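Just one chain follows, in the form predicted on its own, and it is written as structure tokens.
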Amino acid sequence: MEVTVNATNVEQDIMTRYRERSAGSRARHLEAQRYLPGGETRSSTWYAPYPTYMAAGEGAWLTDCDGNRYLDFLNNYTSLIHGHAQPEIVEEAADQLTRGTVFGSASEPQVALAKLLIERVPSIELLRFTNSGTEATMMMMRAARAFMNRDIIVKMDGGYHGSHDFVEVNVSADIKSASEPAARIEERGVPEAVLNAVMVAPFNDLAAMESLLREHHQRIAGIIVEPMPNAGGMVAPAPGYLRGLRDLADRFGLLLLFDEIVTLRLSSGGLQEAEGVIPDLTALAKIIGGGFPVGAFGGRADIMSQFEPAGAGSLSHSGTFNGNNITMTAGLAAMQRLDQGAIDRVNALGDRLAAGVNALFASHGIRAQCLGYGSLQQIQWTDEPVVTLNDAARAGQGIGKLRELLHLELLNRGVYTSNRGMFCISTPMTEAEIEFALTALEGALRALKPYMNEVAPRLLGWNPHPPAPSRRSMST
């Protein structure tokens, strides 16, 4: 007798196969729940029914505690540009380890990495190191407020800049507002007073930003933006948008702050170099630490000079592990091996992945797209243009557990990504790894089509006039 495949069958099958191959991860998760809330210490790395416990990594591949291997397109959320255990980075970090990790003093490795970053990133004349991207954006915003003697920073609706209180506003885009996004706090425990110092505007909308600045510019210190928002959906900046923000900041006498924590990898000097737009301050993290915890912020010398300890009324900025020797050494080794040639190669692989994903969607009649910029790509469950972060948020509505199930099914097929559908490329990858991922994705899409048909039928069907994918190529 023929068995009808429905959404419930698909979900149960994917979950069953995941559990069968990950018994060791399940046991470790049950143990972890005794000591960590929910068995995890990072919200982003938890997923149902329980997360996979990775045991080792080498190059572009991971091995879990059950012996399963995975092609890693997550790379610790884009931070491992050279993949896992890159031999030269390991060697230099190990050598530093034998001589000490941190001394509580000034050190030469700080100066060496700072010099490299200043030489590459156009906006940075002076910088300071932190231990995370969250700290980097927090201190960058503090520097802007202090320099301008104003409290308010404008952020993008749906923009993510870490987890400090002043960026826990509109982390997800406002899809309910019919006009301008309403500022709101999304996390319990963040004081309402934060809303006195943060305003929001839609990404890729210069008219809305101009309107907000015209009315409130005298109270605003600056604008913070990821040149291409990462957690918001890898929505590329519209042509002229970043230049328009620069012009508006200059016209209204404000500072422009770029969060290039993720986008630094897209060019040797970040997306600001690729787009030819120079902000006043820039936050960095991720790839500059060589696999160790890191952050940095820097910019114009007159703004950063506020942190000179001997200066009158100087701003204080401490941190026990700021600029520690092991991170600085590994970071320098990683960045020295990331020249423009290496960046061009991973960007081209990202373009190849995106083209392949979009071809799969077209061949299977799935109304979705892969969008992004070079080595950073993400699946969006719509074939309509995705221009704002509001568009990206709407694409995720009405699709049930599709994202989560695709994530698990790719795990079942040996591909590790984020559970929101993000793919990032590392330097150990080649065309062979891209083909492996596309084969796994095609199998996953076949398995999930009955689920889409029942839960999200809008995703299936031929569109005679599909819009061009809302993405940009770094190779053009």
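Residue numbers run from 1 along the displayed sequence. None of the values given here were measured: they were computed from a predicted structure.
A second form of this protein, the form predicted together with a small molecule, is not displayed here; the remarks below concern that form.
**Q** Consider the chain as shown here, without its partner, and state which of 96, 132, 267, 347 has a heavy atom within 4.5 Å of the small molecule in the predicted bound form.
**A** Here the answer is residue option 132.
**Q** Identify, from the list 166, 73, 147, 160, the residue with a heavy atom within 4.5 Å of the small molecule in the predicted bound form.
**A** Result of the distance check: 160.
**Q** Each of 201, 205 and 211 near the small molecule in the predicted bound form, meaning some heavy atom within 4.5 Å?
**A** No, because 201, 205 and 211 lack any heavy atom that approaches the small molecule to within 4.5 Å in the predicted bound form.
**Q** Please run the contact check for residue 367 against the small molecule in the predicted bound form: heavy atoms, 4.5 angstroms, yes or no?
**A** Residue 367: no, not in contact with the small molecule in the predicted bound form.
**Q** If you check in the predicted bound form, is residue 123 within 4.5 Å of the small molecule, heavy atoms only?
**A** No, residue 123 sits far enough from the small molecule in the predicted bound form that none of its heavy atoms falls within 4.5 Å.
**Q** Taking heavy atoms and a 4.5 Å cut-off, does residue 286 contact the small molecule in the predicted bound form?
**A** Answer yes; at least one heavy atom of residue 286 falls within 4.5 Å of the small molecule in the predicted bound form.
**Q** Looking at the partner-bound form in the predicted bound form, is residue 262 within 4.5 Å of the small molecule by any heavy atom?
**A** Looking in the predicted bound form, residue contacts with the small molecule include residue 262, since a heavy atom lies within 4.5 Å.
**Q** Name the stretch, out of 242-250, 332-340, 112-120, 223-231, where some heavy atom lies within 4.5 Å of the small molecule in the predicted bound form.
**A** Contact-bearing stretch, as computed: 223-231.
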